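One chain comes next, on its own, written out as structure tokens in the form predicted alone.
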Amino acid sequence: MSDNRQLLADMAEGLFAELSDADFAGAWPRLAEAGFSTLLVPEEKGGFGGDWVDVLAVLRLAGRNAVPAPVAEPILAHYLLARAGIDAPEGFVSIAAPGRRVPWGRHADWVVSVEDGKASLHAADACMFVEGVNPAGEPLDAVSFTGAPIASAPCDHDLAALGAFARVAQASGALEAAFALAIEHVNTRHQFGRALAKFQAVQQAMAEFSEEAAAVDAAAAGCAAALDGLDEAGFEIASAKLRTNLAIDRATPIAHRVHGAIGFTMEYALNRYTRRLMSWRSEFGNDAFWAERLGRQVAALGGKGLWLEMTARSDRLIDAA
């Protein structure tokens, strides 16, 4: 890890730990002051000038600390505006995900959408929100645009894919935190005279949990490397989001099962991670969405073509490193 990335991670870890029990009103001003929104904006445009591996480091920590406020959304919004040549306004800028669902929409001052090859910036007073929540109880609001956008410009970025990468990155941190809670519990909780961790069935469950968490870590790292080193990362993101969705489906029940009844209480910390994981599994594309997209890519390449494409992409990443 570079010195700059280490400093960024250290700052994010300290701040996110402080914000883990805050609400939006308490957390957002401090996140805005920290400047994470401009992480991918070039330095000459007043941003941090970071890369996607920096984003992964920050979002992974946000997931690990269950930050109850938007971290990924403003990063993506400011990135899209910068790429489209649109000046970013002051305030909280969120994004319109596929199906025009806006994370934290009711709190947004601005919304960025990408449709028909254009990025558009919408003022909140030209948006009509229908309030909703995800399984974690966080705002996920439907939006319709009632007025013309403030600005629009050509943009060829796939917002669904970028959002999917963000959820993979956050999930990697949340799975780590849930796994740590489970490890602590099975080592300290005793049943029939010995720690739960001494039972073979528990050991097998925890081994499976660790495999799923490691797979998501690897998938997130592969996405970040591809976004930085290749012209596009559609294949890696589709693979990673689908693999992450499957990992959440397998690991979340294990986390609750090894905890027993306490794992289902709101007072215990586990739900802060598992409810978000269940939310992120469906946001920016569910299992069916990414299985179909990945299947179409693989079918178009054919068996031999798939292997050649995978090795070619790996070689290009090595050359870019």
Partner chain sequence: MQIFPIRPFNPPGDIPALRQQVRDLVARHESRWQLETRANPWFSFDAEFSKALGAAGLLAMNWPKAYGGHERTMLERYVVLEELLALGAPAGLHWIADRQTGPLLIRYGTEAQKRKYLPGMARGEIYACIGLSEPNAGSDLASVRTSARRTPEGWRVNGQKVWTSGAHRSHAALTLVRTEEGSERHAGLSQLMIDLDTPGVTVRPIVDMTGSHHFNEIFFDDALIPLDALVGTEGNGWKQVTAELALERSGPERYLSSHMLLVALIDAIGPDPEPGIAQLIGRLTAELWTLRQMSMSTAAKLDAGEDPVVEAAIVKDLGNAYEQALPRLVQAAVDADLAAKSDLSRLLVWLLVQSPSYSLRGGTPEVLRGIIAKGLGLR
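Note that the coordinates shown come from a computational prediction; the quantities given were computed from them, not determined experimentally. Positions refer to the first chain, counted from 1.
This next part talks about the form predicted in complex with its partner chain, which is not shown.
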Honest question, do R60, E292 and R296 all end up within 4.5 Å of its partner chain in the model of the complex by heavy atom distance? yes
Taking any heavy atom pair closer than or equal to 4.5 Å as contact, tell me whether R250 reaches its partner chain in the model of the complex. yes
Partner proximity in the model of the complex: H157 to its partner chain, non-hydrogen atom cutoff 4.5 Å: no
Is A119 close to its partner chain in the model of the complex, meaning a heavy atom pair under 4.5 Å apart or at it? no
Does F92 reach its partner chain in the model of the complex if we count a contact as any heavy atom within 4.5 Å? no
Stretch in contact, per heavy atom within 4.5 angstroms of its partner chain in the model of the complex, of 72-80, 139-147, 123-131, 232-240: 232-240
None of L306, A17, M11, A22 but one has a heavy atom within 4.5 Å of its partner chain in the model of the complex; the exception is L306
For the stretch 185-211, which residues lie within 4.5 Å of its partner chain in the model of the complex by non-hydrogen atom distance? V186, N187, A197, K198, Q203, Q204, M206, A207, E208, S210, E211
